[in-house]
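First, one chain by itself in structure tokens, the form predicted alone.
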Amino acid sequence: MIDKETLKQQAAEAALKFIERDMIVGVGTGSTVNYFIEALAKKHYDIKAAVASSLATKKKLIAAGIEVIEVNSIDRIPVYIDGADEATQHLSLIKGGGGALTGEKIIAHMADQFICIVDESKLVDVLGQFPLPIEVIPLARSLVAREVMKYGGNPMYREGFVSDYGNQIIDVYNLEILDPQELEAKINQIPGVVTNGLFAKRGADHLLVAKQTGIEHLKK
């Protein structure tokens, strides 16, 4: 029986096949991505630079000896590697458990290819067992919470957490997300929402799932 941490490492290392010499690589945030950073550091001489989705990732990349450039200095990112809290066979995702969803969504939007790396526990038939994060400006927290209750969710304020951009996060429990693209759009229209953790309109292009039997590669 392969343990979860080993599966995460296997998924991360499987993403290396998408990395080419002199490439700018977008790097996400989270425990599985940390394994990717370790693997990338061993061949960092091949890439031009990395773009970080969060301050935490930026620090890890720099500590690994990988050059980091700012998002605003470029107009596209050839490949973006990130994990997910939940993923479906259709490559829709919930992300943001670590609170970096806004940076992750920006980089995913800029990426030519979005490679999502997960262990088998993250693969689900229907999104929503994992609470959906919503980043909000502080003024709008209660308003947004009331609005998302209309969709059947139970919103909880993530106490003590402040995003890289000075915002707060609401985690919405008990959602059954049958149409991820529709719900993503509806939540983003609520005043005060910065973004939410549904990656459906811009989901993954490739999903690498580390299983007991090996890497399963799902793609659009």
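Note that residue numbering begins at 1 and tracks the sequence as displayed. Computed from a prediction, not measured in an experiment: that's the story for all the values here.
Quick note: we don't show the form predicted in complex with a small molecule, though the next part is all about it.
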query: Contact assignment for the small molecule in the predicted bound form, among 115, 87, 107, 100, heavy atom within 4.5 Å; finding: 100
query: One stretch from 148-156, 26-34, 175-183, 59-67 that, in the predicted bound form, holds residues within 4.5 Å of the small molecule by heavy atom; finding: 26-34
query: is_contact(residue 131, the small molecule) in the predicted bound form, heavy atom dist at most 4.5 Å; finding: no
